[in-house]
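Before any questions on binding or motion, here is one chain by itself as structure tokens, the form predicted on its own.
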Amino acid sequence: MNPSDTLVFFGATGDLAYKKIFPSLQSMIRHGHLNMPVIGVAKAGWNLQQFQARARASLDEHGGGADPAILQKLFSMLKYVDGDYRDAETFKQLRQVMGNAKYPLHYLAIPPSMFATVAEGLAHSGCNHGARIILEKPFGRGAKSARELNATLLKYFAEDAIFRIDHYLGKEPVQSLLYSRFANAVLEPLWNRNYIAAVQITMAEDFGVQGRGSFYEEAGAIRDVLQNHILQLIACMAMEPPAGDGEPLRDERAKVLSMVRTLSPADVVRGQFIGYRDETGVARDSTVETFVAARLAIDSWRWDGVPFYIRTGKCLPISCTEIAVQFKKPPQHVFREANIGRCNHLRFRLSPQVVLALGLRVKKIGEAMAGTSVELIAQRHPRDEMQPYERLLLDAAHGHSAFFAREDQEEQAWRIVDPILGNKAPVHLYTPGTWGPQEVQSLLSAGECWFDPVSEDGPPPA
């Protein structure tokens, strides 16, 4: 499989490039992973010097500072094409700047509405020959648009040349979660409906839309997080053991997503933080959700009857991504304790710390046979780990697709959420700094409660 010999990224003057791509390019050079020309394409009226200045500013603000030697090498690699994506002349110019490149990697860091336009422009100019293409989320706005976009892309690129990026799959903690599942035999006998009572996934942010009100009006929490990040985490948690890495990983992720029951409005609670409608770009009567919680079911032998509770939102108490696997209680209360709460759980914290914790009951010191909950914690503070975009750009450049979404995965994910898009379920207001609207309690079965993440500097969850 031939590695890519040129990286072309559309949207080169945009926010994503500024915050993520340039810092990733610096890191790739530092680790010896980038040795090909990098061509930025955008319509900004810029020249190469202005483009280089943008790269320097990005590294100063988001890359930990520009390393002079790395910056010099990056500048030697950078090229720039200024033009409209709807203009065939832009792609003719790109073809010229690409020179003798035979295996370009085209990265579309642009609005999804322009994906088809750019794919067609690449094809008509011959820039798709031997090429791979990376597309940012969201991949479509619903099941129908995702199918239409797939059909368009497949006219010009083979499926194995299409890389639908979800940066969460490139995160070191997420890959560690997947590794831990299948590298430890102690987990497999417990990883099923016989021992697991419920699974909870919380993806929380303690800030609002940060001036991106217009974007959030178009996206909302369901499209922005649930349809992609959270469903990919569920796939990693619930998938069957793959036959190996690479394509078998994608096979099993697609298989488990096909078994996730389609959501209905009764399965979800949508929320909006008080003050969202005052944000720039937000309608005064907006009903877009900044919070969503849901109860999902997986119709498989392994997971029958095990609820998967998810929630994600902005202006919540802390910024944190955490998975809590709640095990069933012992069948008999030997020591006659009236209310022991949770007994055993396995907690994966994926950000901002990396934590694996096992919750147990132990005896309190004293005469009474009474216990308390404790956690055995394995905690890691990685240094200089590969950032998600660095890892995924490198994987795509070498044609490694294991941690990218496949066509069938995307269509299954949209199938799951399609019936709850828009205003199918009412939106409830919630106060910033809380865990969403009170209505989320209605999703839980009797006797259950939400597993609220806390700061790792404080006490463990009760």
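Predicted, not measured: the structure shown is a model, and the values here were computed from it. Note that residue numbering begins at 1 and tracks the sequence as displayed.
There is another form of this protein, the form predicted together with a small molecule, and it is not shown here; the text below is about that form.
A.B. asks: Decide yes or no: are 164, 245 and 250 jointly within 4.5 Å of the small molecule in the model of the complex, with each residue judged by its heavy atoms?
C.D. replies: No: none of 164, 245 and 250 comes within 4.5 Å of the small molecule in the model of the complex.
A.B. asks: Do residue 106 and the small molecule come within 4.5 Å of each other in the model of the complex, heavy atoms counted?
C.D. replies: No, residue 106 sits far enough from the small molecule in the model of the complex that none of its heavy atoms falls within 4.5 Å.
A.B. asks: Indicate whether residue 212 is a 4.5 Å heavy atom neighbour of the small molecule in the model of the complex.
C.D. replies: Output for residue 212 is yes: heavy atoms within 4.5 Å of the small molecule.
A.B. asks: I'd like to check something about residue 169: if you look in the model of the complex, is any of its heavy atoms closer than or equal to 4.5 Å to a heavy atom of the small molecule?
C.D. replies: Taking the distances in the model of the complex, the answer for residue 169 is no, it never comes within 4.5 Å of the small molecule.
A.B. asks: Going by a heavy atom distance of 4.5 Å, is residue 203 a contact of the small molecule in the model of the complex?
C.D. replies: Flag for residue 203 set to yes.
A.B. asks: Using a 4.5 Å heavy atom cut-off, which residue among 311, 314, 132, 270 comes into contact with the small molecule in the model of the complex?
C.D. replies: Contact check passes for 314.
A.B. asks: Would you kindly say which of 224, 279, 82, 120 lies with a heavy atom within 4.5 Å of the small molecule in the model of the complex?
C.D. replies: Answer to the contact question: 224.
A.B. asks: Which one, 352 to 360, 204 to 212, 124 to 132, 139 to 147, holds residues whose non-hydrogen atoms are within 4.5 Å of the small molecule in the model of the complex?
C.D. replies: Partner-contacting stretch among the options: 204 to 212.
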